[in-house]
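This document opens with one chain alone, in C-alpha cells, the form predicted on its own.
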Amino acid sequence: MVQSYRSSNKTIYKEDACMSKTRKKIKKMVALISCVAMLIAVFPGCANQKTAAPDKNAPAQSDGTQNQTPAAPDKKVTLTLLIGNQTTLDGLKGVMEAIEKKYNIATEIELRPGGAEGDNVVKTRLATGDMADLCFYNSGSLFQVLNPEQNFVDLTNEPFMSNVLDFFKSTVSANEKVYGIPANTVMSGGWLYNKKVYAELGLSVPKTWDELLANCEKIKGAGKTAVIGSYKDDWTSQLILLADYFNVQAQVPNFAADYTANKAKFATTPAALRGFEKLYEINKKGYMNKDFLATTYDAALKMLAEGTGVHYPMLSTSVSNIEANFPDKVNDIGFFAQPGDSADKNGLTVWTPEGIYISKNSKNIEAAKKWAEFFVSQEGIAAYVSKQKPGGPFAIKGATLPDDVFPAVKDVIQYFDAGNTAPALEFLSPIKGPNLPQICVEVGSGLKAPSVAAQEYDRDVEKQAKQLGFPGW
C-alpha cells in the first residue's frame, strides 16, 4: 500500500526508505508500549476530579499566552471536516461554534460511512488528493496505513501540542513526527448492559466468561435478547474479539511483541484464539437477536436503551449516543469489561482516542492549525463539555471529568482506579488485518469455525505486514 502512493521509478529508494522506516517504526512501537503504559498511570483517580474548568496551570498557547487567542479575522474562513456518520457530534459542534465565534473560522461537516466502507472512502480521498481540510479517523495501527508523512501536516513542533498527553501522541506518530490531535476521549471495549433488566432478573455483573453465559441463559429464558448483534455495521462485529485483549495479555504478556515480529499467531496461541471462540459461542447458543445481520448500530443502542436487548459488546463511549437519542434511559446503562476464564484476572481493554489530522492538500492550513490549537485548549474542552458529557478521560493536560458523568463511565473508571487495564492490541502493534470486520461477521454468524477464522486472519495480517514492509514477514 505504501508503494501505491508513489511513482514506479523509485523502487530501490522506496525499499531502502521502507526498511529505514520499518526500523524506526519498531523503535516507535517500543516507545509506544512504554507511553501507552503511562495511560494506565495517568487516569487512576480521575473519577473524583472536578469539572473541566479552565486550568490556571494549563500549557501555553501558540502565541505564548494562556488560553488567550487573537481577535477574529475580518475575512471568514470555512474548513471542511470529514467524519464518520455514527460519531456523536454534540461536543464537537460545541467546539466548532466556539471556534467560529472567536476566530471567524467556520466548520463544514462532511459525513462518510463507518467500517470498511468508510476506510475505503478515506483512503480513496487521500489517494486522489480530495481529502477535506480536517480528517477525523482512527489512531494506532489503522492510522499507520494512511501514509501519514505523505498525506498529513506535521504538527510535532506546534506549541499547542504541548497540551496533548504523550501516550496519545505515540498513536498518531510516524517516523518520530506527530500528525494528529485527540478527537474525543479515551475509550474502553467491553459490554454495555441494561442495569434495569439486570435488577429485575436478579443478575450480578459477571467476572468470568462462564458467569456471563449463565446470565445470558437467564435473559434468554426471560424472553429477551441476551446479546445484541448489529452486523449491518460490520465494524461492530469485532468488539468481542478486540475487547478480549486484556485476557490475552494476562496469559501471554509478550503476545503483542511476538505478533509484530511474526513469532506469534492467533491460530496457534490459545489465549488469542479464545476471542474468536467466544464470538462463535454467543451465536451458537442462540443468545443474539434473529435479525443481527440487518441490525444497525443505532438500532442496537435503541434495543439496549429500551431493555429488549440486555448486553451489547461495544465501546464505552457509545453511551454518548444513547444520551443523544434516549436521554431518559442513559442512567439505566452500565458497563463491564469482557470477562476472561478466571475471576482473578478481570480487567479492561482500552482504546486511545481517535485523531483529527490536517490534510497536506488543504488551502487553509494555517486556519486549520488555529482550529486544532483551540480544540486542545482548556477553552476547547469547556466548549465540548458544555454540549456533551465525556464518555471517558480526555487526553489533554489539565482536562478533568465532570462529577456527573454517566454511570457507565463511572463503571469504566473503576478499572482505571484499580489499575486493571491494558491497551488494545492495535495500540501495541502497528499491524492490523483490514479484513477483520468481515471475518468476525462470519464467525459471529456461525458460518466459520474459530480455528479457520483465526488462520484466515493470520494470513490477512501477514499480507498487511508485507505491504507495510515489516521485517521478518
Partner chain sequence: MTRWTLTDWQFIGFENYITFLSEPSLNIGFRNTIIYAVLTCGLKVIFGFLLGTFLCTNIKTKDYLRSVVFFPNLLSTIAVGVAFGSMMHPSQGLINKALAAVGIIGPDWLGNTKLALLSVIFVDVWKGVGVATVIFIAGIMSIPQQYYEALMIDGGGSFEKFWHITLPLSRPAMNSVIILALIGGLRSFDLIWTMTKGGPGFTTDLIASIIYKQYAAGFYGLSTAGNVILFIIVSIIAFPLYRFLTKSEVDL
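Residue numbers count along the first chain shown, from 1. Just so it is clear, the model here is predicted, and its values are computed rather than measured.
Keep in mind the form predicted together with its partner chain is missing from the figure; the text below concerns it.
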Quick check on this chain: which one of 123, 369, 177, 207 has a heavy atom within 4.5 Å of its partner chain in the predicted bound form?
123
Report the residue, out of 283, 251, 150, 262, that has at least one non-hydrogen atom within 4.5 angstroms of its partner chain in the predicted bound form.
150
Would you please decide whether residue 428 lies within 4.5 angstroms of its partner chain in the predicted bound form, comparing each non-hydrogen atom pair?
no
Heavy atoms within 4.5 Å of its partner chain in the predicted bound form: does residue 199 have any?
no
Going by a heavy atom distance of 4.5 Å, is residue 407 a contact of its partner chain in the predicted bound form?
no
Even though the partner isn't displayed, in the predicted bound form is residue 447 close enough to its partner chain, meaning a heavy atom within 4.5 Å?
yes
Partner absent here, but in the predicted bound form, which of 94-102, 157-165, 324-332, 288-296 has residues with a heavy atom within 4.5 Å of its partner chain?
288-296
Contacts with its partner chain in the predicted bound form - residues in 222-245 whose heavy atoms fall within 4.5 Å:
232
